[in-house]
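The chain that follows stands alone, in the form predicted alone, written as structure tokens.
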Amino acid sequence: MSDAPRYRFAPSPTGYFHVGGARTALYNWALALRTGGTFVLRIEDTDESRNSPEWTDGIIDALAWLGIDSGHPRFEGPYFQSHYAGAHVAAAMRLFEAGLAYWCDLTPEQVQERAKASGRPGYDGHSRDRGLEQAPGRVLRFRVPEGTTEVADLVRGRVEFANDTIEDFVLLRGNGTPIFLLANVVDDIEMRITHVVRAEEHLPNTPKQQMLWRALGHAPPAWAHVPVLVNEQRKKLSKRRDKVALEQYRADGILAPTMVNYLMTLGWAPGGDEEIVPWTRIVEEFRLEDVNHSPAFFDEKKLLAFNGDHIRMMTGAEFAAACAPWLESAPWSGGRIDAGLLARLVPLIQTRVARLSEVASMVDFFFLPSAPVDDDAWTKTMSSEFARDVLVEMESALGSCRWTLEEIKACLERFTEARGLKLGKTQAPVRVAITGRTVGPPLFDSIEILGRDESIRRLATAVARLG
């Protein structure tokens, strides 16, 4: 058997892919690549009431987007926990036969009543020495030993749990089905998992799982519980309250390298002062021992800043290719975009967007037959006779000037200087007439690309609208 480490990522297919799960998956993937180990994907799908095949497909697709490639030699799976139910039950029965588990006939209501009467929460071990046999409705409970359980955690150090605070926990429900805790351990043993790297919320379950590993005759894996992600109120990220779905950020135009880079820095940081670093360097430097155990703030503003930096690092061709899907899906595109025109626009917009979803609304006026009408922009900018004078002057000047960027700009500068004004004041009505908005790509470059005839037509249209 190979001594190479085996890491596992074991999500439940019960909804969109949480950014916290994505971070955990990346931690495991980076470790597998650096150590020459294996990344095992196991879908924990035993909760039939909440699972859905499309959620499973979504997990696999999201992992692939992050670069965790199912075709990579370090990738193994996906396995499905529901396929191993027989092994889970068999392991529980071995524990019973070894005297390490026992049957209990108390209902959950009776457990609560006894706890209330005794003043001590949880199950009180009522059936420990009653010698009950298996029967319908009876649960199988693990016999928690006396003493303490010490968990050696690669992130948090040594964590000690007093066993008398841990009740004899259920292994098999009254209907004979195994609980998640048992299934998780049995699967990890069968799949030869050597390292369990997961969120800190699972730490309270770890002493129980460690007991089961030893009771089933195996040394427990190396444990590592990484910090949870929190929002700006320092509350744990919640699906009900926060934007946590990886799919949302992907649809919003966050680049995959951005998300990978940002998530890896939540709880860990590469050496030096740089935060924007390539994946290859992350793999070389990432160590569990360097992960901070404090909660990590998932800052959307910082994520956007990361994304802007990554966008500016792309070549023009890479940026154009990345933008294409957003442009082709715009209602005005007809599913096709002039590649030559897009190549001319790239230098104008690549430094001005923080996410790819912003591109379509920034360049739509190049592809539309007329400038889009933004009523707020029109009211704000075109409400004076001055605006009309500027448009008339530019309409005339553009009709006779040489068609170069410098001369186009000089046309407006001459008008501006003659009146002792600032260029921004005279530029504003021209921008609204040409682009339909108060902000956007560089105005004079935009006019040059649109061409003389189209630019003059848009200026004339705006003058006519002003009456």
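Everything numeric in this text was worked out from a predicted model, so none of it was measured. Each residue number is its position in the shown sequence, starting from 1.
Not pictured, yet referred to below: the form predicted together with ligand GLU.
Proximity to ligand GLU in the predicted bound form, taken as a non-hydrogen atom within 4.5 angstroms, holds for one residue of H293, R312, K302, H202, which is H202. Between the options R143, R198, H195, R74, the residue in contact with ligand GLU in the predicted bound form by a heavy atom within 4.5 angstroms is R198. Under a 4.5 angstroms non-hydrogen atom cutoff, ligand GLU in the predicted bound form has P11 among its neighbouring residues.
Although the partner is absent here, F180 sits close enough that one of its heavy atoms falls within 4.5 Å of ligand GLU in the predicted bound form. The shortest heavy atom separation between N307 and ligand GLU in the predicted bound form exceeds 4.5 Å. At least one heavy atom of N184 is located within 4.5 Å of ligand GLU in the predicted bound form. Contacts between stretch 18-47 and ligand GLU, counted in the predicted bound form as any heavy atom lying within 4.5 Å, involve E44 alone.
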